[in-house]
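A lone chain, given as structure tokens: the form predicted alone.
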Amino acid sequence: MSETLRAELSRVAARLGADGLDFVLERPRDAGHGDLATNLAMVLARRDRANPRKTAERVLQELKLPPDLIARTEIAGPGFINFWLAGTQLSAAHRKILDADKEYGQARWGAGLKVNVEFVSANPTGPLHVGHGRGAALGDAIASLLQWTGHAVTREFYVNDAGVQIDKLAQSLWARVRQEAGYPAEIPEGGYHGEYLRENARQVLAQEGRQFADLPTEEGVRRCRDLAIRLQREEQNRDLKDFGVTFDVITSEQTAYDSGSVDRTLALLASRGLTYESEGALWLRTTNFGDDKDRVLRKGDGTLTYLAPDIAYHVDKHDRGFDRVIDVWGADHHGYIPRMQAALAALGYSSEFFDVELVQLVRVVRGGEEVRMSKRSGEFVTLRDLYEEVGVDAARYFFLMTKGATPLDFDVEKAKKQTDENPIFYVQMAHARLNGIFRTAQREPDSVTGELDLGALPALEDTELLKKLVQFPEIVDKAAREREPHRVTVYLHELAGIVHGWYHRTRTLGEEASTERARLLLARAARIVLSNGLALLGISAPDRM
């Protein structure tokens, strides 16, 4: 519906000498201003220094729309044009919901595009914290949105299993192993102190035997390196799987070194004249591609910076045939984005190839006070602690209620409430109430079929609910294009509010036959949309609450 109207408005703009003009067609916040509204006349008038309302009259004169699309139009305020959809359009849209069922809201505009979404990618040095959880929910939802719009999506986890932090982890685990065996040992400076390493040490001794603690230090640390990475990755995978997140591909940073990928990438950059030596270091000419300064790839002591393996990793993604890669990073990596963009531009990759979604910090709040740490991690609130207390559905929904790049206060007490004050309870209860209508009627929702008779729906709440339902594909489309899953949670909360109002202020069962049937058809459609929206976010739609 909106696509047809937008195309016709674009044709009119071109006819009036403004081909390609940027204008807005959107749903007004106030239902009294119609189902759709455009500022096209105002934009045209500004360009032509004309009267906006007179320009709006010209636009309406030029519009050629199917007779069954728009019931009426109105010029409002300083030149907005408001449109009211014809009833036949609403009936047809309802039919689409029932016909598409679990596929309602899906589209194909991304067909043929291969997209890699890399997210979480936590260092294997300890349990996942709530910030990782927010990144997991965001990355998974972005991947789902892209899948819903036809893209071929690969979910990927990049294991940072090389570097100083892994050396510290190995030394820390070795110290804990020695301590558990009864020997004096100290965690190294900058090492890891959490209770989880004591657990790991006990696992190592149980698997390898008490004699493991008597190995020479060098060998003990070397073996603890592999054991620590394996144990932490196994735990991370368990935590994520229980959180509803799985990955198609796991890539190791260390493997990039071992396979020669990093060396090949450095050679590729050199062959294109993109690197130079200065002050004993190897530099990348990123200033030629928009960065504020050139970046070091290899330091004077011979060690590589993080940029070298990161470039190699993205070269690998490009070589695997991805059209686009989307990385979900912590907000503290914001300054790292321009240098990666410059590095990939230097290799000739399209500006559309690489993009980053940032995730801001999460503060866990209980009773108005911030919860700072858990005993097991020794530093932070773990993701598992959070979702085992509030539930996976609540954790995922709360993480997705706002844009990822904004800070989040996660109110534990609110997330646990079984009241309308809890947003996820509010949305899931709307679905349960709809299901309860069919349970009371002793009918399966799928048994209610046929065309929707708008004439049998006398209440304003009926029309309001139907109009909200038909917005869902547009919401998914916009959320996918902008990579903003919070648009879906906002929509679901608004839809739930309309469902609750409709449920309380109208009656379905016991009305005359035509109205009862029409409202059952409406309830079935609302149930589909709520279920699909929650499924898109990886959240359940319970039939009872």
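The first residue of the shown sequence is 1; numbering continues from there. In this text, rigid core is short for the largest set of C-alphas that superpose within 1.5 Å between two forms. Please read these numbers as outputs of a predicted model, since none were measured by experiment.
The form predicted together with the RNA is left out here; the points below concern that form.
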Quick one: does Gly77 come within 4.5 Å of the RNA in the predicted bound form, counting heavy atoms only? yes
Answer yes if any heavy atom of Thr449 is within 4.5 Å of a heavy atom of the RNA in the predicted bound form; otherwise answer no. no
Within a 4.5 Å heavy atom cut-off, is Glu234 in contact with the RNA in the predicted bound form? no
Residue-level contact is defined here as any heavy atom of the residue lying within 4.5 Å of the RNA in the predicted bound form; does Phe425 satisfy this criterion? yes
In the predicted bound form, segment of 240-248, 267-275, 302-310, 136-144 with a heavy atom within 4.5 Å of the RNA: 302-310
Output flag, Ala18, Val115 and His151 jointly within 4.5 Å of the RNA in the predicted bound form, heavy atom basis: no
If we test each of His318, Arg178, Lys403, Arg225 for a heavy atom within 4.5 Å of the RNA in the predicted bound form, the one that passes is Lys403
Could you work out which of Ser261, Thr73, Gln89, Gln165 is the residue within 4.5 angstroms of the RNA in the predicted bound form, going by heavy atoms? Gln165
Could you list which residues of 469-494 come within 4.5 Å of the RNA in the predicted bound form, counting heavy atoms only? Lys478, Glu482, Glu484, His486, Arg487, Val490, His493
Relative to the superposed rigid core, does Ala535 relocate between this form and the one not shown - that is, does its Cα move 2 Å or more? no
